[in-house]
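Below you will find one chain, with nothing else, as structure tokens; this is the form predicted on its own, and questions on how it binds or moves follow later.
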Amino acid sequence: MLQTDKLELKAPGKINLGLDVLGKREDGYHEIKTIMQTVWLCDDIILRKTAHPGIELQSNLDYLPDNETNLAYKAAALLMEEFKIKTGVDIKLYKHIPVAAGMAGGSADAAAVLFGINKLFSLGLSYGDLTKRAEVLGADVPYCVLRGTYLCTGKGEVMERLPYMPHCSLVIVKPAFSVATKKVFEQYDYAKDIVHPDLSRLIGGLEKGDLKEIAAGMGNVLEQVTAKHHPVITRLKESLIRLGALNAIMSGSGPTVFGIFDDDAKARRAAKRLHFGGLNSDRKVYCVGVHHVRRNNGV
């Protein structure tokens, strides 16, 4: 491993192609079954060794914490304390993934910092070693270390690699509000008449490389909770499908919505329509973009 004093890293976000909740666990987490997919919507992270000890974190977003309450900071502290690293590190975090949007932006940052600290200080940890440590930081962080297309169960930490997602275009839309994951799960616990997605159909589509079958199997039980309080989510889904998406669902606990397109030009036209159309005119759409899936696994 080459020695370096500076690293520039990409921290890509994720979408949930499918998400089911199977029940509540004794540890307070929920038992889930989800298919996660990495996308090329990334935060940028620069790590630099410093002669003085400690961790310094700066972000392009003023409202993000720059201390131990930030997951990226926690990730650096976890490894630096374990390996008794005497020098310090400076973390520059440039956020592009929407915050509190169901795309695991904070988890992606933490995973990238784990990888970066391991490389920067030549700790020699494998991906398996990093994922074990990632479990301490949050349910999505182990997945964000591995990246790619995975079936995740348990609270998200039990991962099974799936066949790569076929090439497609994604129109990702973040409404102009955020939701708290904890609150969404609490609301789910009291929800009735929940319709569960057919994730076996989705997995079968991945195994066959059939984008239409994948789209047909997509679904998210948490969407039924979040959309009840925020009807714009349903309107965005309907708009994406009307504009040519094979299917559209909410990612994670929301409120981000994405549509899968089998044609890049069609996806760009849809994004343009959403960005300049009626949904945006009443300020209910915060950002719209066309992105693609990241097929290879690992950081």
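Since the structure is predicted, the reported quantities are computational estimates derived from the model, not experimental observations. In this text, residue numbers run from 1 along the sequence as written.
One more form of this protein, predicted together with a small molecule, exists but is not displayed; see below.
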**Fill in**
the small molecule in the model of the complex has a heavy atom of only one listed residue within 4.5 Å, and of 125, 184, 199, 71 that residue is 71
**Message:** Which residue, 101, 120, 170, 145, is the contact with the small molecule in the model of the complex, using a 4.5 Å heavy atom cutoff?
**Reply:** 101
**Asked** in the model of the complex, do 64, 93 and 106 all put a heavy atom within 4.5 Å of the small molecule?
**Response** yes
**Message:** Within 4.5 Å, heavy atoms only, one stretch in 204 to 212, 127 to 135, 93 to 101, 156 to 164 touches the small molecule in the model of the complex. Which?
**Reply:** 93 to 101
**Message:** So in the model of the complex, is the small molecule close enough to residue 239 to count as touching (4.5 Å, heavy atoms)?
**Reply:** no
**Message:** Under a 4.5 Å heavy atom criterion, is residue 34 part of the interface with the small molecule in the model of the complex?
**Reply:** no
**Message:** Quick check on residue 253: any heavy atom within 4.5 Å of the small molecule in the model of the complex?
**Reply:** yes
**Asked** Given that the partner is absent here, does residue 140 sit within 4.5 Å of the small molecule in the model of the complex, heavy atoms only?
**Response** yes
